[in-house]
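In structure tokens, one chain follows: the form predicted alone.
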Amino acid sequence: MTQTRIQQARAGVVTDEVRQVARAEGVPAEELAQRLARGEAVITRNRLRADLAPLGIGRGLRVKVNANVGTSRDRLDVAGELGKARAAAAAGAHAIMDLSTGGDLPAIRREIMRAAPLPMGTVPMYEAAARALARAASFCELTEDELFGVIEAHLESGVDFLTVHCGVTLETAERMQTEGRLMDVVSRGGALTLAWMRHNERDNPLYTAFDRLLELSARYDATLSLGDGFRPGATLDATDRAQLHELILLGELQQRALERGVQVMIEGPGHVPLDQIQANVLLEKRLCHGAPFYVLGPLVTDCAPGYDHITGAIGGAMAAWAGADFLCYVTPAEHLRLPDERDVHAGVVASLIAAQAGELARGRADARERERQMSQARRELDWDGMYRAAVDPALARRVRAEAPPTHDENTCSMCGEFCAIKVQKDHPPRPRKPALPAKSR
């Protein structure tokens, strides 16, 4: 079988693909190859998608943003989901996850790939559950072979990274029950897996047959995104025994994956108070040996429905500063309904702001340069320059255009003639007079 990226990197081979990602990220290709070899970075591209630009995620690379789209059984609007995928790409998302649970799922997946040519992630468990429902059966009647058949079908269709809840085990569930939680399991894939386990009185096949999953992933050189089935869904449940026990298991599985040459990301918690975010990132990096960390938000308060893109951006900025590598967006519709295109745009932009803030705090040179460009443009009242440096240039242009005319078109309607920058321009400091020589005595 053809070597995987990790195996090539360990053999000292720096591929054209690695060089392409390194150029895009502004890092030496040899260093990126070493990070791939150690599992500290991944390149998310299925071997079957040669026409897709490879995306690097991990140590020393820019923080990336993912957008979720997908149908539900209650709202089967494929055209709407394609519009959202395009909106996410236009807003600057780096990757798309198709979380569809209703309709012709393979066809929808193909259409989303065409609508938004970005790395694609999926949760195969959703399609496995949907197939069971389609034949009027309980999801709990799904066989291990059927589940792995769906996983292989996703990889064969070109999916670049798979969320698989391999750390959902009976032992971890016991820890959750013993300690107690406000929200129990809030991960959809985690809940489905746990229900299957309880019904069949068997442990998770994604855990017990992990080698089978590795074999499939290596064949397509796809990335496994080890899902956090026990992630906290309430801030008061954050960093509990179940979450940390699952993280320990994921770190062990990551080591096994690296031995087989399979790339791995680790998914992280969704609801975490500000004071625990840094600790969560440090724990993941320590227990999972520096693997790329993919976080949902995190949301720093549960009390802002309708504004969760803001709570997620606050947490995302803190997580990015602490070392998280991949932010899954949160939209204003989170916890309320399926998002629309405006929600998707707002969610992507909020996460991009978080990424920029986190990278600036890390001291990344390109983040500092973007800040310099914006400040320089503001100093010069260069509006086009401000738009170029803005995270959402279209919104900035539209907001300014909506303002009434000002006496000076170079100023905004907030300060007008009293604009501090204009005042300074109109009244520059006078040249200093040369100092008189000291009188000799």
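Note that the structure is a prediction, hence the values are computed from the model and not measured. Note that residue numbering begins at 1 and tracks the sequence as displayed.
Absent from the display: the form predicted in complex with another copy of the chain. The rest refers to it.
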If we test each of 266, 327, 93, 313 for a heavy atom within 4.5 Å of another copy of the chain in the predicted bound form, the one that passes is 313
Assert contact residue (another copy of the chain, in the predicted bound form, non-hydrogen atom within 4.5 Å, options 115, 333, 153, 108) equals 333
(message) Can you tell me whether residue 339 touches another copy of the chain? I mean in the predicted bound form, with a 4.5 angstroms heavy atom cut-off.
(response) yes
So in the predicted bound form, does residue 406 come within 4.5 Å of another copy of the chain, heavy atom to heavy atom?
-> yes
Residue 217: heavy atom within 4.5 Å of another copy of the chain in the predicted bound form? no
message = Residue-level contact is defined here as any heavy atom of the residue lying within 4.5 Å of another copy of the chain in the predicted bound form; does residue 198 satisfy this criterion?
response = yes
Exactly one listed stretch (398-406, 39-47, 23-31, 59-67) reaches within 4.5 angstroms of another copy of the chain in the predicted bound form by non-hydrogen atoms, and it is 398-406
Residues in 101-133 that come within 4.5 Å of another copy of the chain in the predicted bound form by at least one heavy atom, in order, are 101, 126, 129, 130, 133
